[in-house]
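Read the single chain below, which is given as structure tokens and is the form predicted on its own.
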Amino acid sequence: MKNQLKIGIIGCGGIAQGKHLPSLSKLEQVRIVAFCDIVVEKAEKLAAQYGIADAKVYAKYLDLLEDTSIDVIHVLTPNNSHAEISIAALEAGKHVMCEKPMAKTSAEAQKMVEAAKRTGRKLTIGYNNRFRPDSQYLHKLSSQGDLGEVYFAKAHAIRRRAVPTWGVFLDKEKQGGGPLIDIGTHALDLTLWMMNNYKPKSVMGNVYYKLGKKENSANAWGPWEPEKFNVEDSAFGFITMENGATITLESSWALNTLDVDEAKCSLCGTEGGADMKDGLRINGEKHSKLYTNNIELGAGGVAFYEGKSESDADLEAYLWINSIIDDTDPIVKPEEAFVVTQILEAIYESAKTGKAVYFN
């Protein structure tokens, strides 16, 4: 295929192996030509598995960015390096897909937005839950006004006991936080996207360090090491938007609850409501009667591949690459992801000070 985009991967850990590379490797429009990781063996392994025959391997990302033939960079590193690497890649003339969250701080995220505008390169953030069949369907309903004005919403990111014990997830310096910035970010992005509301007025938040120091805890991925658990185990936010709408955000890796949901939202509008908590359900009133519709979405999958079962990550990769080829806006715009980072940061700040955080 002519005019294939050349892609470089920076960060060859779990998210590269489990999400990005399997999806990118299905696309005829791309060639994966370069891999970078501070642990060179990881880059070499993925280059052999997913790269072209003469794919290059680097230990330093700046060396990779010097290759002027590379069109697109995927930044798949710990949160504290997202901004630094993404900005450098944009300045080097590359389009950038950066994994979520956008950055560790809103100041860093703002610099990423500015770099994309300054360079004219495309920048998107890896909020792949937007590309699930239920998310796509609900977004269409909400966008065409079926729910009316959505004035109350809930962003759900609750695990009972599923603390990630690998990598740097428990390292506050590298990640910026725990479940709030890791999975709460997905739920908040979904909720704001469904509402098409990116103007927060104020935030109140509470962050808890209650269960992380317990020894020999039951956990989906085995017991964690309490001395290394330096982030919150749960966090909650109350967000008021400029138009008066209210959003509650709940997130946990470890919480004594049976009410478990992740990367989902509930919406309450003037014409109807919706939630993702037990499949996709739409509720409302017609002819003086209440109704609840359970939406059947089938087996899911993506229509552009025949005979294959495709994931949200596949659709994310497909649409991202085609936004570059067709010169259109990516589905996840950097300005939207910036607001998500602003709100997450405000929840942490509010929890620290005990006061509301107000936005200009």
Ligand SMILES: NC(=O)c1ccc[n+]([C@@H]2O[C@H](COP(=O)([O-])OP(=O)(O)OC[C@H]3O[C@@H](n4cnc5c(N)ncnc54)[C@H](O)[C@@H]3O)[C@@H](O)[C@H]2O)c1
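Each residue number is its position in the shown sequence, starting from 1. Since the model is a prediction, treat every value here as computed from it, not as a measurement.
There is another form of this protein, the form predicted in complex with the named molecule, and it is not shown here; the text below is about that form.
I need to confirm a contact call. Of 104, 100, 156, 74, which residue comes within 4.5 Å of the named molecule in the model of the complex, counting heavy atoms only? Of the candidates 104, 100, 156, 74, 100 is the one lying within 4.5 Å of the named molecule in the model of the complex.
Exactly one residue in 297, 38, 48, 325 has a non-hydrogen atom within 4.5 Å of the named molecule in the model of the complex; which is it? Flagged contact: 38.
The named molecule contact at residue 128 in the model of the complex, heavy atom, 4.5 Å: Yes, contact at 4.5 Å.
Can residue 42 be called a contact residue for the named molecule in the model of the complex at 4.5 Å between heavy atoms? Residue 42: yes, in contact with the named molecule in the model of the complex.
Report yes if any heavy atom of residue 170 sits within 4.5 Å of a heavy atom of the named molecule in the model of the complex; otherwise report no. So residue 170 does not count as contacting the named molecule.
Please check if residue 187 has a heavy atom lying within 4.5 Å of any heavy atom of the named molecule in the model of the complex. The answer is no: residue 187 has no heavy atom within 4.5 Å of the named molecule.
Counting only non-hydrogen atoms, which stretch in 211-219, 137-145, 228-236, 162-170 is within 4.5 Å of the named molecule in the model of the complex? Looking at the partner contacts, the answer comes out as 162-170.
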